[in-house]
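First, one chain by itself: the form predicted alone, in structure tokens.
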Amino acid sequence: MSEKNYQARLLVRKIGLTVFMILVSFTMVLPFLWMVSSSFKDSVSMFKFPIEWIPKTLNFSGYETVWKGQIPFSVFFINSLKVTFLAVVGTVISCSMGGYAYAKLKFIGRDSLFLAKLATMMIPSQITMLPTFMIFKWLGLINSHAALWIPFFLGQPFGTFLMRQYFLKVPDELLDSARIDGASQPRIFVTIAMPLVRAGLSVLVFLYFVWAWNNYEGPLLYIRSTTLYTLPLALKYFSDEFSTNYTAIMAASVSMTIPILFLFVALQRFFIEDITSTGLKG
């Protein structure tokens, strides 16, 4: 096969793969586009077929019901922001410290402890649900937001594993040179190791932001007062046993998705950043 034919076949293969990935991406985005389109329709035109992707007349009744109706959606929104912010802060602190310790600090039983921590990921949440509820009840945390964000300060197994993998890529020589210069371990961790794992931190922040933001099981178990509800629980206010306001549900879902999109746009440049690009050069 000549070089020219080989290059032509390679180009055709790349074009075919690109088209395939575009089609796959489109099928993933399609439900979201339908949700946005439906939020500007009434309950009748929403279910018309074929789908009217761009409504002829924009209907804002769903957003008016969500933000100006009797349901305190803004309170639920603030509650979710509060809980998610504290959960992300706790995750970053605990998982980054745990990941650094398992990757760069040598102590007796380090690998065994790490494997034991990873093993907890295989335990179904349904098994620990009742013991956790009893502990929180004994601590007086039922019907409080603390029950939703305190577990994130205890070092989530997956987050710890993720940060450990990024810290393993940090050159040991760089940390050793800092120790020779007299830097303490906390200073090495904060000023040297953490800036080198910005890509891992961005992934950690985004994943656990989405996790805490969309958490439905936790508020359902621990929250009793309506004023403490978070957004996932707020959606049930737009439906009952007799009727369902689909337009309001779509509008509320779009409103819930906006913070996630903003965070993704803000962090996307770090998602493709390789850890080696932040090391020493020359």
Partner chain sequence: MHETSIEQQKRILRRRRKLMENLTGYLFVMPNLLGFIVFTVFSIIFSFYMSFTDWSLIKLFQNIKFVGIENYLEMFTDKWFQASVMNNLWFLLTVPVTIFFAMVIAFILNDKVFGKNVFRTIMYLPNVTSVVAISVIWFTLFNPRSGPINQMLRSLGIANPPQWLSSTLWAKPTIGLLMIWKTVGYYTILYLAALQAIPRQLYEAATVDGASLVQQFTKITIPLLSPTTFMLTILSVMNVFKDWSLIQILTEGGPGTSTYTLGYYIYYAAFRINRMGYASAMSWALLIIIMVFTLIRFRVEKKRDF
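Numbering follows the first chain given and starts at 1. What you see is a predicted model; the values in this text were computed from it and never measured. Heads up, when I say rigid core I mean the largest set of C-alphas that superpose within 1.5 Å between the two forms.
This protein has a second form, the form predicted in complex with the partner chain, left out of what is shown; the following refers to that one.
> Looking in the model of the complex, is the partner chain within 4.5 Å of a heavy atom from each of I135, L221 and P232?
Replying inline: Judged in the model of the complex, I135, L221 and P232 all sit within 4.5 Å of the partner chain.
>> Whether V66 contacts the partner chain in the model of the complex should be assessed with a 4.5 Å heavy atom distance threshold; does it?
In response: Result no; V66 lies far from the partner chain in the model of the complex.
> Any of the heavy atoms of G98 lying within 4.5 Å of the partner chain in the model of the complex?
Replying inline: Heavy-atom contact with the partner chain at 4.5 Å: present for G98.
>> Considering non-hydrogen atoms and a 4.5 Å limit, does the partner chain approach T226 in the model of the complex?
In response: T226 lies outside the contact set for the partner chain.
> Is there a non-hydrogen atom of T84 within 4.5 angstroms of a non-hydrogen atom of the partner chain in the model of the complex?
Replying inline: No - in the model of the complex, heavy atoms of T84 and the partner chain never come within 4.5 Å of each other.
>> Do any residues of 153-173 have a non-hydrogen atom within 4.5 angstroms of the partner chain in the model of the complex? If so, which ones, in sequence order?
In response: Contacting residues: F153, L154, G155, T160.
>> Is S37 displaced by at least 2 Å at its C-alpha between the shown form and the other one when the rigid core is overlaid?
In response: Yes.
>> Quick check on I249: with the core superposed, does its CA move 2 angstroms or more between the shown form and the other one?
In response: Yes, the C-alpha position differs by at least 2 Å between the shown form and the other one.
> Core-aligned, is the CA shift for E217 between the shown form and the other one 2 angstroms or more?
Replying inline: The answer is no; the displacement is under 2 Å.
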